[in-house]
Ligand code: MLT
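Below you'll find only one chain, the form predicted on its own, shown as structure tokens.
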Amino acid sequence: MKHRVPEIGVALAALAIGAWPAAVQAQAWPARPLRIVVPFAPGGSTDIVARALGARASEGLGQTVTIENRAGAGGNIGAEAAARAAPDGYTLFMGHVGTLAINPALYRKLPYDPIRDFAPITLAIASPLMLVVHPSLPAKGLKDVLALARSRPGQLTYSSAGSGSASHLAGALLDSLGKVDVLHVPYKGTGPATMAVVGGEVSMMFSGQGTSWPLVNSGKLRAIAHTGSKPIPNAPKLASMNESLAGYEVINWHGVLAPAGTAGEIIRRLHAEFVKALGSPEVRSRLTEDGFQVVGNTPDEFARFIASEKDKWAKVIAGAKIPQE
């Protein structure tokens, strides 16, 4: 027994020595630039949010935060790249409603799991869509649109940025809750889908505010309602869809995540810096000008939100009988 005390002491010393580099590494983080993987091309809403937040958060982190655009497969390529990255705090992911909530129900073999493969940091922004119509459509509000759709089943049409996009699913939810049959016409992207409404090829569209407002203000489109539950800053008097259609809500949202397994202390530091960035006047002003509503919640709150959105859209997709890819 007398010889076991030194052995225990040596063992404890060895453990301490083994743990020392990890502790030093955690204390030294971040020691090099970080990257935010954006699963879409530059210039879109996901890219805009990532760049605004990354630039501001880099000041508090003391390291450059770069944006890496990895577009393709509806965001799945970038999401997989971020999910498979080392969980060392140097790779982050700008997730959104498509990659984290919609795609799991649209793809048979999704190359990542939005719940298992990511550590949520914060929900950054939420942005309702707008239901806009061609000015020739005799409708001033949602009740008018529903009445027209019921009187002309299958004759009214709505464009979308593609099958399975948020603009498509917003229309599918309208059909489901409104008990109407509005024909879906998919296009290859938001631009062509918007121009189809402007040109009168289709009756209406659920569009992002940044795209819609200039066309509404110029008289090329008419705004009917927004898809959120709260008034939107750009048009506080514009009606919400759920005022005439109970339970209707579609939010285009974006949030920051890290690969699963990232150390808790790093997640807490990232959360503090990104929430601080969201609260800064310059970032808040930049985002609200584009119609975004700034959020900034906790990792646990964001995790619960992702799970609830995933369940919601799985039901909508199943109900609309949208085929999986």
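We number the residues from 1 along the sequence you see. Note that the structure is a prediction, hence the values are computed from the model and not measured.
Here the subject shifts to the form predicted together with ligand MLT, a form of this protein not shown in this document.
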Query raised in the report: Want to guess which of 138-146, 232-240, 83-91, 186-194 is within 4.5 Å of ligand MLT in the predicted complex, heavy atoms only?
Result: 186-194
Report task. Using the partner position in the predicted complex, report whether His96 sits within 4.5 Å of ligand MLT, counting heavy atoms only. Result -> yes
Query raised in the report: Can you check whether Gly296 is within 4.5 Å of ligand MLT in the predicted complex, heavy atom basis?
Result: no
Query raised in the report: Closest heavy atom of Phe274 to ligand MLT in the predicted complex, within 4.5 Å or not?
Result: no
Query raised in the report: Does Gly44 reach ligand MLT in the predicted complex if we count a contact as any heavy atom within 4.5 Å?
Result: yes
Query - in the predicted complex, the residue from Ala161, Leu221, Leu106, Val182 that sits within 4.5 Å of ligand MLT by heavy atoms - result: Ala161
**Report entry** Proximity to ligand MLT in the predicted complex, single hit among Ala172, Ala101, Ala119, Ala166 (heavy atom within 4.5 Å)
**Finding:** Ala166
